[in-house]
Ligand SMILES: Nc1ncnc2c1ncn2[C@@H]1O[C@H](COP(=O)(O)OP(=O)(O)OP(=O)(O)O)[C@@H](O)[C@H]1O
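Only one chain is shown below, in structure tokens, and it's the form predicted on its own.
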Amino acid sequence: MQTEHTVLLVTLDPSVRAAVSAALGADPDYRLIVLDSPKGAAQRLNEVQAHLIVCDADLIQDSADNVLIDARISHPHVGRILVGAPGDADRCADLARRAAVYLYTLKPVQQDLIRLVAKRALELSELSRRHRVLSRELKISMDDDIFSEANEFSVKGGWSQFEKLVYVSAKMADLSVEAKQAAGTELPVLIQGETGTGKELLARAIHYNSNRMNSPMHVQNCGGVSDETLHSELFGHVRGAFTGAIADRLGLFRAADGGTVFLDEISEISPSFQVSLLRFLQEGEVKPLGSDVLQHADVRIIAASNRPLRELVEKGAFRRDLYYRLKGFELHIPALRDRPEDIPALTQFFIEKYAGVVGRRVVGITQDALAKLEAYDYPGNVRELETEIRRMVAIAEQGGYIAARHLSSVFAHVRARSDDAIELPADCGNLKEMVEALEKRVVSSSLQRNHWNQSRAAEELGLSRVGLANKIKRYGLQDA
């Protein structure tokens, strides 16, 4: 990662070049780029991530139109310093005022002075940047029309996506890798996770990344459906098979021939229907209700359950052989409360999504509102968060921010979590076990914060590299 500050020095004066090079060129905190014209500096501003311009006044021809004035508008985060000749002080003062430079200094340039001034100019630029960010976040800009030039609302998030699944967490990244592997096979897939975690979204992502993507995908919720109705929906029926069967029905298995059928709430099917589904998985046989004719369908089954099937198998409530047939790949979607780092990305994604749907320009979300969203446990998981964001977008002011006052009443008593707070589970055990649990979390937190750079983490924790390595091994920590 680049940590140095890039300085553009614009001069033809050898003494200025020598002084600035001596002051900054050998300093590892700076990258010095020397240019001989304002035109070259303007071009380089668009090519590199510059932080500071040191410009010789001798190269500025027009006091009202020059690289420093242009940079003030096009690159406000870039600090500006002007260097002039001793006999040109009045003109330098005028140029400095027009371009709002941090400081102007007269030749000969002193190394210590330029080093100090460069540091202070960069500090001021960073403070100005933070002020602009805070002004946007808190909506305290003096110019109420600051966002009026934006014709369309856009919140850019640094998230990853697997089709419609949005995430930043390592847990979801690992899940997406597994799902992509599953998509490349013809094996059945069993997706498990709490209600609202996105099981159907994952199923669709698997289908649309498989060789069956150009064939249909049909969805059937198995919860609260009678055997007869479920059999009719999946296997089809012939006319007169039961009361109300006034015409033949193809059934989803045959309708999805060559494609995918997603069976949600698979844990709710009866023992008798489990037998029918097992036979279909084994032989691909379809026998419509009221018919003696066996037909075949080439269908990939993706099943989902919000109840752990393994536990149901152990209790005898679900057939073991069907469970093993369904779990060619077994994927577990973690609850949203177990991956809180995904909440800001999901929030931004849903704001963008629903602002477009209702035609509203929403600038973003305030930090206090986001902090409350991050602190909530979400029994309804991502679906609950999405519903909340959709409601807030609908009631937020046009061109304004989503604020804490827009949150529904369920968030009224939610307290934002402290970044430094580390909560211990209630069942930690004795004092020794509690201390070890706390140490594990502190070490893990430091490693994640430093992106698993063990040297930085060890320094932060006051440990040697060997000591940190021993703790990583002891607690079985792994880089996600």
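If you're wondering where the values come from, they're calculated on a predicted model, not measured in any experiment. Just count from 1 along the sequence shown to find any residue number.
Missing here is the form predicted together with this ligand; even so, the following discussion is about that form.
Taking the partner from the other structure, this ligand in the predicted bound form has a heavy atom within 4.5 Å of a heavy atom of residue 264. This ligand is not drawn, but in the predicted bound form it has no heavy atom within 4.5 Å of residue 91. In the predicted bound form, this ligand sits beyond 4.5 Å of every heavy atom of residue 406. Contact annotation for residue 386: at least one heavy atom lies within 4.5 Å of this ligand in the predicted bound form.
Look at 163-171, 238-246, 80-88, 288-296: in the predicted bound form, residues with non-hydrogen atoms within 4.5 angstroms of this ligand sit in 163-171. For the candidate set 113, 275, 335, 201, a heavy atom within 4.5 Å of this ligand in the predicted bound form is found for exactly one residue, namely 201. Contact with this ligand in the predicted bound form, judged by any heavy atom within 4.5 Å, is made by just one of 225, 175, 346, 363: 346. Shown here without this ligand, the chain has 194, 195, 196 in 181-196 lying with a heavy atom within 4.5 Å of that partner in the predicted bound form.
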